[in-house]
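Single chain ahead, by itself, as structure tokens, in the form predicted alone.
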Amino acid sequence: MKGPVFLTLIGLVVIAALAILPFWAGPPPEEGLPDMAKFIGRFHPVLLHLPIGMLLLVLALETGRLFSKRKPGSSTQVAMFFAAASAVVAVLLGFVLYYSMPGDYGQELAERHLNGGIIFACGTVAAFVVKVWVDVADGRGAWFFWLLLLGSSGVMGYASHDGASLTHGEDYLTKYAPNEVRKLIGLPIKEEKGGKDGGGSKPTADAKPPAEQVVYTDIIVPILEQKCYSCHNADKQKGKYRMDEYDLLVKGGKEGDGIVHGKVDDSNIVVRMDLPEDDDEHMPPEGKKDLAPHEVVLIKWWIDKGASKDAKLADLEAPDAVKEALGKVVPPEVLAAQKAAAEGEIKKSAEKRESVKVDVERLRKEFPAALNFESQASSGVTFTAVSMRKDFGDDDLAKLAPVLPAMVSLDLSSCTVTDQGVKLLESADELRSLRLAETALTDAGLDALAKLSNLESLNLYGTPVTNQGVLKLAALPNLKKLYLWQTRVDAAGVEALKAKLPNCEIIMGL
């Protein structure tokens, strides 16, 4: 009994330490923590997936034990220990991160996420301790372990949602939820684009005559929205500074006044913009899209003229440099149209993904690990036959026909695919990368490839294609790389093709 008693005492100490940690530490220091603490704290998002995965593993194993007819021969105690231990470490790193950069995120949301993480870690430690005693008692008290396990999982889900909200915004999970789901969870219903008549996207805002444009609303806000709002909004407030509302933009954050009316050099947003790009204090920070020179000119001019919230363009004198900068500004109605188009593309991609999802799942069973979506959000499909090689031929390629229109990358190297099978690729309109190295492809098969207008990379290494055949590829406007090593194409054929595709790199090997 010494082992369980010792583990129980250690567990209780850890739970007590975690519970009093926020009270013992007090509020985060105004200036944050040193760079070393920031460096260590940023490993929190890396490590937090480990306890989540381990807890889900324990849930899966314990559920399987419930429905197993045989008496289980092993315990989930070790997996539960790693879930608890990694949860404690993840929470400590999250605590350091929170104290390192106070004010970078919404205070209420950040505190809720931190408290949720602490409760989750305490719950997993308690579940581990109870699991130890359940095993000692030969299964008695398992209901209490299940109670802690399910409770910890629920808190984990809630805390994970808050973490995603901190990083991506509070509407990250629900932004594209269909109206049926929105009704279920009590969110307002979204209006369908195009209104009730289904006539497409919403009409964009009517264009204003230049003289009627409000400088702040129609010129400055679109600049800030694109370059600054992602780090300075209601949910995320780097430097305790919000820029998404006029009064808060002027007020500034922990560095002082954001804007001093009529005084460009005293306005913190200008000071930060004018710093060298390699300066840690330069804004926007490294990795974010910097302001264009004409945007900086307009912001400085607006502040110099008093940074009015209501002044119209006709009310403010504009020197030639400002007039030139204004000519480079994208009108608000055009920005609205671009935003609507981008949202439309996202929706179109999601619909396309759904249309091939069933076929992808079905074909995955026949070609495990070979067929996948390009990414979690993409509708593009990738396929590689590298593990099948000579066992993959024309008949196998024909099975992929339902997903070929969504195919963006296809590797058929060393397969037994022939010219006849390659004809199927005519439907692969989205294909960007194609590898047919060491196949039996001949000049005849290049007719089908010449129709793939989006193709960017083509590997024909070790195929019997000739000078005359590869000239068909001149019909590919987006081809950037072509591999012709160990083919029947010689230097003269390469030069002839380069004359037709000057922007394509042709690789002939050594």
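Keep in mind that what you see is a predicted model, and the values were worked out from it rather than measured. Numbering starts at 1 and follows the sequence shown.
Another form, the form predicted in complex with heme C (HEC), is not on view; read the next lines as being about it.
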item: Heme C (HEC) in the predicted bound form: contacting segment from 378 to 386, 255 to 263, 361 to 369, 308 to 316, heavy atom within 4.5 Å; value: 255 to 263
item: Contact test in the predicted bound form: Ser414 vs heme C (HEC), heavy atoms, 4.5 Å; value: no
item: Touches heme C (HEC) in the predicted bound form: Met407 (any heavy atom, 4.5 Å); value: no
item: Interface membership of Gly421, heme C (HEC) in the predicted bound form, 4.5 Å heavy atom rule; value: no
item: Any non-hydrogen atom of His161 within 4.5 angstroms of heme C (HEC) in the predicted bound form; value: no
item: Heme C (HEC) in the predicted bound form reached by all of Ala87, Gly123 and Val155, non-hydrogen atom within 4.5 Å; value: no
item: Heavy atom within 4.5 Å of heme C (HEC) in the predicted bound form - residue from Ser433, Asn268, Asn233, Thr217; value: Asn268
item: Candidate from Lys348, Lys339, Lys288, Lys399 lying within 4.5 Å of heme C (HEC) in the predicted bound form - any heavy atom; value: Lys288
item: Partner contacts for 215 to 230, taking heme C (HEC) in the predicted bound form and a 4.5 Å heavy atom cut-off; value: Lys227, Cys228, Ser230
